[in-house]
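In the form predicted alone, a lone chain appears below as structure tokens.
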């Protein structure tokens, strides 16, 4: 689905490719035993290797390699059994060695694909060019002192996966859907927590524009965007800027830019270096990385069920609509919660309660599924009371709200409040007779053909019985008498 910009000279198409940096979940860093955990006092998670001391040699972390392979498998990508680490040379104050160890010509993961689904139901496949492993740099802090910048090397050497997409994305919505799907896959796999606020997942956004049918024009890279909303916004802003440049007779320069959401603009950061400017060469301290196919197969067999597979299974197994299934598999914890509620019960009803009432309550209270005040077992217990006619749907709403506030089980609430549904046909027949006697004029209208009054009678009987009557029995009793 193309997102176009109408300019003075006609229609322009946006072309986007994303480079996502995802921090690998591991206890220690890529080439040292220092802690890779987030936070801590500045420069407390630093080894001599991370600090770039002379004579210190990198030692590759096997688990970081396994995490990258798992991610490649989750992206349905080719795993390269032989890859290589290179030195990417550039100066920056928070890069102690003066180079970053990365993978350039021989990455560990090759081509793959990510399936995205848009709001209108359109399904698209975004190509993955490569995934390579590299080490992160440190952090420069410019707000600690009026005259000096400070350096924190806690992040230096932390393992990253750079996941590079093909330029297949055509609008901000697709970019947002791609990032959400990528984060979902990483979280299912347990290879990255996807926390963009803490910087463990961030995106470089490559944007260009062209007229329909044209080859690609010059692209600009918007660096280090740390939220999905900002990525989508940056694409709109940068594409509009480029259209204006081209239409005014100018040339878009290939450069790295910065997105400023406060000013709603992108600003030039530096001209884009070509690969040879980094003077890439194989790292002399690291042998080529060779992995065995048997090890890759072992990792693949241990992979969890991935979101698309789980969604398709939910549709088949539980008979729920595709949209509901997509919502329920958004997070592994939500999918697990739903499966426990649905087990041996009406799966569609379970989906309605989880995606409707439960999600609404969690949003109101600012909670997640992990700290839900109603456990999956408790919600399932309430559905059991509905299934055996102890309570009806209306009473269930009241019980649910009480469960939210008190944490009591549905059975205890029904007992405490005397909410048990009335299934006594004698009591219901008496209520029906009373309602019809008090509304004789409407009975005549109904018998004269005004069928819509049936709902009025049902409502009056339910009201007379304080909502506790079994609706099916009420309907049957009314039909019989009327």
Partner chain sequence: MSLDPATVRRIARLARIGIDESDLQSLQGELNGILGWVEQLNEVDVEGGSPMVGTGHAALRTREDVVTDGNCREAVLSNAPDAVGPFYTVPKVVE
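Computed from a prediction, not measured in an experiment: that's the story for all the values here. Numbering follows the first chain given and starts at 1.
Only in words, not in the display: the form predicted together with its partner chain, which the text now covers.
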28, 53 and 149: each with a heavy atom within 4.5 Å of its partner chain in the model of the complex? yes
Which among 45-53, 412-420, 438-446, 451-459 is in contact with its partner chain in the model of the complex, heavy atoms within 4.5 angstroms? 45-53
Looking at 364, 142, 301, 263, which has any heavy atom no more than 4.5 Å from its partner chain in the model of the complex? 142
Quick one: from 288, 250, 190, 319, grab the residue that has a heavy atom within 4.5 Å of its partner chain in the model of the complex. 288
Indicate whether its partner chain has at least one heavy atom within 4.5 Å of a heavy atom of residue 430 in the model of the complex. no
Would you check, heavy atoms only and a 4.5 Å threshold, whether residue 63 touches its partner chain in the model of the complex? yes
Contact flag, residue 153 vs its partner chain in the model of the complex, heavy atom cut 4.5 Å: yes
So in the model of the complex, does residue 92 come within 4.5 Å of its partner chain, heavy atom to heavy atom? yes
In the model of the complex, which residues of 106-132 put a heavy atom within 4.5 Å of its partner chain? none
